[in-house]
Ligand code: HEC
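Quick heads-up: it's one chain on its own, the form predicted alone, in structure tokens.
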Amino acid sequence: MKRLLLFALIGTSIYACTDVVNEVPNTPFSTTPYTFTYNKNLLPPARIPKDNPLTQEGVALGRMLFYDPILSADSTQSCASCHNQKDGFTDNQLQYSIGIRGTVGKRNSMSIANLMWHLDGFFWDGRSDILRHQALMPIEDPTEMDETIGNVVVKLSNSLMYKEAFEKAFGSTVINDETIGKSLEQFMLTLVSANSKFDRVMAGLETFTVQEQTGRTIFNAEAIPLNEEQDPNNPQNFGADCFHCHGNSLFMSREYLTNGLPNVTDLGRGGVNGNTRDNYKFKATTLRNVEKTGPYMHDGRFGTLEEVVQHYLGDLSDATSDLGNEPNMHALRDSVYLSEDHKAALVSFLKTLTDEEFLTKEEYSNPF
């Protein structure tokens, strides 16, 4: 009788415990919206993908992945290795990015600031239309991280830290290329630069120096022919035509344009779409933080802003591409003249686009 009573009590306990577990409701998956403020003068309006809204959990995961060398084949190189925050998220003043096996790339690392406003492709040649797809391409590029997405998935899936982070961000511990890309996309979309001296002047909080204001006038003025009646010291008489390609609040263009460089072998946009009229055309990238993002041009051939200014204010007669198809470059070749003081003023204005907050903001830094 005692033995039967014992089994009966055990059975009762088991059923009682089972009933309690079944009564616990399933907790629905939810995330916390990521909110931030930025200068609403940045145009066109910011574009956040409807199928990948920014969440605190997704951005935090993307930040971890961006700084983790686990994405590379030998775990020595992360996204941040070629996009350093203090250098405006470019490559540590290197002309060309260098991969994990010492392989040297053929292009200079681009700034990844203000990607919410990039409407026409990523990379210098625009070969990726969607940021989450672009984020995965360096991982599998043999000259960069030289890894496979499959191997990355395995490594991340073996990490309890990442399994928990993916579950918080996407509601599942199952990791795949889509969730990796989306999390990196979310983090990179938060990298907003809009608090430079230029922005504070536009908001009425500061004023330009005389030299900076002169440089701004030159930046936003048309290039015109020099004649004997013009005063070479009056900035109103001379422009550098910069605004045609970099004249909006983002200081970049939606177009792929000829930059007037000689001895270019990289076909740029034409090498992607096969249109010979687009040969030697490249994305007119942002000038924000340009003081920190050298060396310059798609191939990093110029080490200083002064060299860049001198290039555009030269005769451009040895340009690889046909400047006749580029009206703005044609105007520069035929018309521009600036004194040394005016060139210095132009560089001075460009330095007002440096955003120290962006270069040091903890939310954008290494979380590890």
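The first residue of the shown sequence is 1; numbering continues from there. The shown structure was predicted, so the numbers you read here are calculated from the model rather than taken from an experiment.
Omitted here: the form predicted in complex with heme C (HEC). The next part is about that form.
Among heavy atoms of Gly121, some come within 4.5 Å of heme C (HEC) in the model of the complex. Proximity of Thr320 to heme C (HEC) in the model of the complex: non-hydrogen atoms within 4.5 Å are absent; the residue sits far from the partner. In the model of the complex, at least one heavy atom of Tyr312 sits within 4.5 Å of a heavy atom of heme C (HEC). Heme C (HEC) is not drawn, but in the model of the complex it has no heavy atom within 4.5 Å of Arg269. None of 284 to 292, 270 to 278, 204 to 212, 161 to 169 except one has non-hydrogen atoms within 4.5 angstroms of heme C (HEC) in the model of the complex; the exception is 284 to 292.
Heavy atoms of no residue among Ser30, Asn176 and Leu359 are located within 4.5 Å of heme C (HEC) in the model of the complex. With the partner omitted here, the residue from Arg107, Arg101, Lys155, Lys197 that has a non-hydrogen atom within 4.5 angstroms of heme C (HEC) in the model of the complex is Arg107.
Contact with heme C (HEC) in the model of the complex, judged by any heavy atom within 4.5 Å, is made by just one of Asn52, Asn328, Asn39, Gln56: Asn328. In the model of the complex, heme C (HEC) lies within 4.5 angstroms of at least one heavy atom of each of the following residues of 239 to 263: Ala240, Asp241, Cys242, Cys245, His246, Leu257, Thr258, Asn259, Leu261, in sequence order.
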